[in-house]
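This document starts with one chain, in the form predicted alone, laid out as structure tokens.
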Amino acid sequence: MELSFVKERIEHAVLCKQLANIVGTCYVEYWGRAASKLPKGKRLLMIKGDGSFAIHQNRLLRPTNYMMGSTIGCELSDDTLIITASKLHPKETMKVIFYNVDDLQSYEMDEASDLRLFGSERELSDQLMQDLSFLEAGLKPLNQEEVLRKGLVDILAEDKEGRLVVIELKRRQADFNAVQQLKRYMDQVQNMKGKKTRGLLIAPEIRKNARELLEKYGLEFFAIDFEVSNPSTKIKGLQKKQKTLFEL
């Protein structure tokens, strides 16, 4: 393809906030928080309407290099097409030098954010708030998303002996970091409230090293299973309480 034609098409796509895909032989340089170079080779450059700028190779899902929210510019120089993405805060620049372009396509795309996530931790937390006795007899909720100095407790509850229970919920396998997070939150709550506090980690499963750390800290683990469906997600074994007169 003629590089002058490609330049005009890209400038039009950027102006109209279209999605542009450019395939060709190029060399890539990046300067910013670090510096990198990609030698001459055939790659895909993807430019999106929000200023996202990504270089893809024929391997892996993630781009080889990318920038977000950048300003895009094009220029012809010495039989090459130079496409530049730049930002001021933080200061970053990526320069893609195309020696030839095999294909260029641009598309009008919807920008609506209409993705709905089923089975999110918040959705599972909402279900548990309906009846914490599913986890332990006499356990009652006090607050959901309790704000701490450095973090947010998923559920703060009280057990039948009057102890506070910090509940941390994970929708995937709980790891070492999840246990450390729970311990940190539990210590903060105990210091803030001045009451004896327990820590309960809830997840479908837990890694071996995480369970060892959990036991070392004297924390507890509860395994849950849930099924994802449209439009909701259900924790298996959890029975919703009947509505109260106030709810009716």
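So that there is no doubt, residue numbering starts at 1 and follows the sequence shown. Since the model is a prediction, treat every value here as computed from it, not as a measurement. By rigid core we mean the largest C-alpha set that fits within 1.5 Å across both forms.
The following text describes the form predicted together with the DNA, which does not appear among the structures shown.
Of the candidate stretches 59 to 67, 38 to 46, 192 to 200, 215 to 223, only 59 to 67 has residues with heavy atoms within 4.5 Å of the DNA in the predicted complex.
None of the heavy atoms of residue 95 is located within 4.5 Å of the DNA in the predicted complex. When contacts are judged by a 4.5 Å heavy atom cut-off, residue 143 does not count as touching the DNA in the predicted complex. For the chain shown alone, residue 120 is a contact residue for the DNA in the predicted complex, at least one non-hydrogen atom being within 4.5 angstroms. Within 4.5 Å of any heavy atom of the DNA in the predicted complex lies no heavy atom of residue 160. Although the DNA is not shown here, in the predicted complex the stretch 174 to 198 places heavy atoms of 176, 181, 184, 185 within 4.5 Å of it, in sequence order. In the core-superposed comparison between this form and the one not shown, the C-alpha atom of residue 136 has shifted by less than 2 angstroms. Core-superposed comparison between this form and the one not shown: the Cα of residue 73 travels less than 2 Å. Once you line up the core between this form and the one not shown, the Cα of residue 145 ends up 2 Å or more from where it was.
Relative to the shown form, the Cα atoms of residue 149 and residue 157 move together by 3 Å or more in the predicted complex. In the predicted complex, the CA atoms of residue 145 and residue 215 move farther apart by at least 3 angstroms compared with the shown structure.
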